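Have a look below at one chain only, the form predicted on its own, in structure tokens format.
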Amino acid sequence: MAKNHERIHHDEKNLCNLCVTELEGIYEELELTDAELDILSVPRRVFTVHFPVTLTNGTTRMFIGHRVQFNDSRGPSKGGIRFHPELKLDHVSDLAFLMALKCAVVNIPFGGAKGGVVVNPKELTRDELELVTRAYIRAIADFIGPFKDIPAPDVYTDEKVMVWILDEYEHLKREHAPAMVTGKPVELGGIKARQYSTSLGGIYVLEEAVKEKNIDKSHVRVAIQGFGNVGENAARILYERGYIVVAVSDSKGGVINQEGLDIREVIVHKRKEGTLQGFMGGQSISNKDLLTCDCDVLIPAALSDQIDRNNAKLIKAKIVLELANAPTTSEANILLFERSIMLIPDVLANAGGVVGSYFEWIQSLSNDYWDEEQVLVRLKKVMIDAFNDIYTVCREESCTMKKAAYKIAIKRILTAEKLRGNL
């Protein structure tokens, strides 16, 4: 594929390398044309902005911001804004590509985008962070909006940052535009379920997988790597639903108890001590060992590339639910499939967050308010429908869920491009 694509598109600077890698395993099966490959491998719009900010000490510093709108054939672009000192344009492009796939997988009318500022938020005061945020939005304001590109929280950004984005944009446009950003506080049009929609969306999918595997829900033992917002909420919800959470971990290590952890007490300990270490309700376990511990469901909810070809052979779980982004390498994905371990890929498993954002966008556009129950009912339907679409392809073609998800997403994107006359 690489040689074929180089012949078509010579601008290697803008070629999405992840796209080429991810499409390599399926482009022949889908019989994609050169034109289709080109559309899927090159972002629609890529821009970098440089903007000065006068800090509270009186010095002026230049900052760099990026935004990539990968594909908007199915609707306005959607994707987070992150603040990180190592932010690179090629990585932003990769993430925008994955967002385009994710939105297509769950069949919501968004394209994929991603952006951010090259900055270490820990080196700035809160006031300075606000200045940087507002300056970044002034620089990209003409390229974003409720029907163009809708930002959301990401790494080192939160609902307060989203308020700054909304306020600055509205000042520039001289109108209210609550639908131009998601992840807002409830008081400004956000939804209550946003804080845990990623976790709950994944659990809705997991429960369908448990049924397919004919596993007795009351005896399902779960191990979760990562205890940030997504991992903690996943542990809490599973515990409340009667699952046995046997192990959890954060960046410093974790705790395991094969009889089951009291997640309520674990959360109290974590918030009090800032770590899971020292929790008396179980034994210490490393992040590495947690991945191969005795469990039925393994949930990587932390970093990328945690399951590789070496430890994939040692995984004991029957189901792996990817709540983190890309926690399993391509080689490991195949090895797990060969061992009849169901891997639910990130483009489906953690898509509950963008589905929640979609609901917030609809709510803001209509100037309406959805109660929490209404959000959860619709979230469940979207996630279960997506799981069934993917699992049907898996059964028919005897392929991994990741491959099935990618096939579905690519077909939906290309269908939109054809209907628009671009192919």
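Keep in mind the model is a prediction, meaning the values are calculated, not measured. Numbers follow the displayed sequence, beginning with 1.
If you look for the form predicted in complex with ligand NAD, you will not find it shown, but the lines that follow are about it.
Figure note: of the listed segments 208 to 216, 235 to 243, 136 to 144, 301 to 309, the one touching ligand NAD in the predicted complex, with heavy atoms no more than 4.5 Å away, is 301 to 309. Contact check for residue 109: no non-hydrogen atom falls within 4.5 Å of ligand NAD in the predicted complex. Although the partner is absent here, residue 97 is not a contact residue: none of its heavy atoms lies within 4.5 angstroms of ligand NAD in the predicted complex. Although the partner is absent here, residue 281 is not a contact residue: none of its heavy atoms lies within 4.5 angstroms of ligand NAD in the predicted complex. Contact check for residue 190: no non-hydrogen atom falls within 4.5 Å of ligand NAD in the predicted complex.
The single contact residue among 157, 350, 333, 71, judged by any heavy atom lying within 4.5 Å of ligand NAD in the predicted complex, is 350. A heavy atom within 4.5 Å of ligand NAD in the predicted complex is found for exactly one of 120, 125, 258, 229: 229. Proximity to ligand NAD in the predicted complex holds for all of 225, 251 and 323, with the criterion being a heavy atom within 4.5 Å. Taking ligand NAD as positioned in the predicted complex, the only residue of 191 to 214 that brings a heavy atom within 4.5 Å of it is 198.
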